[in-house]
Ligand code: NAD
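Just one chain follows, in the form predicted on its own, and it is written as structure tokens.
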């Protein structure tokens, strides 16, 4: 019988789903790195979220591993090449957290514009500082949405409802599809100087790492405000801090960081930054959808049906 290890906190309905299909599963969300290395050789399937690093070392220890399931979209915590070389399927769950991530993006956007966290903190400390927290409206402003996949499109729908002007970049989407969302497709070089707001919705790759750095931030409109609910590493955090300090960037709302858990709090302690600890998918609804989607994909794989959600099928064809 195949054995499954869930090594992070995933909605318990996935355990119930496996149980109803007579699939052996161990739910160990608090397991540490050394413990995981010691027992991973007992399992055929590993399920993670974003904290566990399924790197080359872990994959090498997992000599029975056949599948690594990511309860979420991004797979940058998984060494896909190392898994592919060993014939291990890497599977994710695109779409399960779409609404939650889009809503969190807009929550941060509004909170940044109206200084809600700072005003709340001030009021809780016994102060009444109305003049200190004058904000800015979204209506009539231009938002540059970089990445127009599922989440970027949902952000566009919400931006339209606020009366914003939408420009966007995505190398795949057609002008017709963008026009349906009232988005004007532009190059990045065209977006930077005109956007009042920039919202990132792209995966972390070699091409997108440090997408916003000193070179590109200097091209942005003075007073630009930036939201990142996508992946840490898309923004060079040191360059961003410099741009905040010199006033070129007026505000930042950020949910993801290059190194997580966060150790250096210098950036988020800036007065014009609001931040959350990677909460984009942290709703009950999203976690249940993601868990059931991943569980169903794994059950189908175990039953020998079509593999759904594989991110490395093309690599497996190369290596095997």
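Positions refer to the first chain, counted from 1. Please read all numbers here as calculations on a predicted model, not as lab measurements.
Not on display, but discussed next: the form predicted in complex with this ligand.
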Picking from 137, 180, 207, 242, the single residue whose non-hydrogen atoms come within 4.5 angstroms of this ligand in the model of the complex is 207
So this ligand isn't shown here. In the model of the complex, which residue out of 281, 52, 275, 36 has a non-hydrogen atom within 4.5 Å of it? 281
Mark residue 225 yes when one of its heavy atoms lies within 4.5 Å of a heavy atom of this ligand in the model of the complex, and no otherwise. no
Residue 87: heavy atom within 4.5 Å of this ligand in the model of the complex? no
Residue 78 within 4.5 Å of this ligand in the model of the complex, heavy atoms: no
Though only this chain appears here, would residue 150 touch this ligand in the model of the complex if you measure heavy atom gaps against 4.5 Å? yes
Heavy atoms, 4.5 Å, this ligand in the model of the complex: which of 158-166, 126-134, 70-78, 243-251 makes the cut? Say which one. 70-78
Would this ligand be touched by all three of 97, 230 and 256 in the model of the complex, meaning a heavy atom each within 4.5 Å? yes
Relative to this ligand in the model of the complex, which residues of 164-198 have a heavy atom no more than 4.5 Å away? 169, 170, 171, 172
